[in-house]
Ligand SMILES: NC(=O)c1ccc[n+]([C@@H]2O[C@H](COP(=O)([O-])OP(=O)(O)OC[C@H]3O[C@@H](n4cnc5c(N)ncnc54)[C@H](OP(=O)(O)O)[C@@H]3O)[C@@H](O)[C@H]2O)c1
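First, one chain by itself: the form predicted on its own, in structure tokens.
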Amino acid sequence: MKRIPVIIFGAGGVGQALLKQIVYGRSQAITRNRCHFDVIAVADTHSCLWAAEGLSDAQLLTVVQDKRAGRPVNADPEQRPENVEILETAVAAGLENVIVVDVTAVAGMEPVIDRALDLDYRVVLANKKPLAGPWIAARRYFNNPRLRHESTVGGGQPVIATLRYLLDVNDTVYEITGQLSGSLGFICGRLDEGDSFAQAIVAAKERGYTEPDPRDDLGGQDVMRKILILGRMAGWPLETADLQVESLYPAAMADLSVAEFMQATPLLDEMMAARVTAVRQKGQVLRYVARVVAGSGSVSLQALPANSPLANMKYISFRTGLYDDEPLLLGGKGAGVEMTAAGVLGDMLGLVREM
């Protein structure tokens, strides 16, 4: 049986769900993949919990409880090591076949990822930002056999795996479109049911469907990163400037704290209600749709026929050489921390199988 050291950066909702899935999936991992994940480090913003031999399951579940209670992963007052230093500690301990997992939503993780790859470690990303950064830095992460990122697009849906398959069989990708945000899909659905925009935003955030700052969703940045990742995978070295993005909140709200923004969301109700009424009179509904082709893309709120199947599901469409007259469609639930964590765990197991 393979014992795989794992370093996890991030102990928010996805990180907590991943820790539980690792603990409660022990027997399945052994039966199906002959492996045991030794979580040697869990790091949040303020602290790090480390054990070269692997943290016990009791310790991992305590981390989940502590984080839910608003406590750091480690109450020890010692200064938290820098992220790269955590990797160097693993090197000093002589650990091999390490998997580094980034389930944060922060910028600036590239030095950690680069160092991990230089050490021949494996990397799993749920964090989209490294893959959506400037192409000159991000290009290393694409088509890299030691890096996986299924959960960056579609949560637990096999979106990345499907696109990888199309590319592996030498299919030509012409266009990728879809509703790539479970949170915005949920919000639009609540608007259909009569909720105000502010009420829909609150409901989505309370269910954990949005990013920690809902503006990452409402500003289109989260969807933009997803479609950019897919476009880059398809072979188009796009930059963010190549995509036109519609924000669902004004620039004046950009500098507010998250709490202040949530309090101010009722100011957006009248504008959104007018748009909902206008399309409803035409038998349509509003949906946030992304599209990318070679050289360009868009992310915007669009009107779709209310009775269209595509208006009532989170989906992604690949129009390719093999799927030209009738695009290949993937659809289903993609939002939520459990789905995202499952995608991360699936990537970890996939890397183990390839070792």
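These figures come from a predicted structure and were not determined experimentally. Residue positions are given as counts along the sequence shown, with the first one as 1.
Missing here is the form predicted together with this ligand; even so, the following discussion is about that form.
Asks: Of 80, 190, 146, 115, which one comes within 4.5 Å of this ligand in the predicted complex, counting heavy atoms only?
Replies: Exactly one residue meets the criterion: 80.
Asks: Would you mind picking out the stretch of 119 to 127, 235 to 243, 169 to 177, 274 to 282 that comes within 4.5 angstroms of this ligand in the predicted complex, counting non-hydrogen atoms?
Replies: Contact-bearing stretch, as computed: 119 to 127.
Asks: Report yes if any heavy atom of residue 14 sits within 4.5 Å of a heavy atom of this ligand in the predicted complex; otherwise report no.
Replies: Yes, residue 14 is a contact residue.
Asks: Wondering, does residue 331 line up within 4.5 Å of this ligand in the predicted complex on heavy atoms?
Replies: Looking in the predicted complex, residue contacts with this ligand do not include residue 331, since no heavy atom lies within 4.5 Å.
Asks: Report yes if any heavy atom of residue 292 sits within 4.5 Å of a heavy atom of this ligand in the predicted complex; otherwise report no.
Replies: Answer no; every heavy atom of residue 292 is more than 4.5 Å from this ligand in the predicted complex.
Asks: In the predicted complex, does residue 104 have a heavy atom within 4.5 Å of this ligand?
Replies: Result yes; residue 104 sits at the interface with this ligand in the predicted complex.
Asks: For a quick test of understanding: in the predicted complex, does each of 3, 37 and 60 have a heavy atom within 4.5 Å of this ligand?
Replies: Spot residues vs this ligand: no contact at all.
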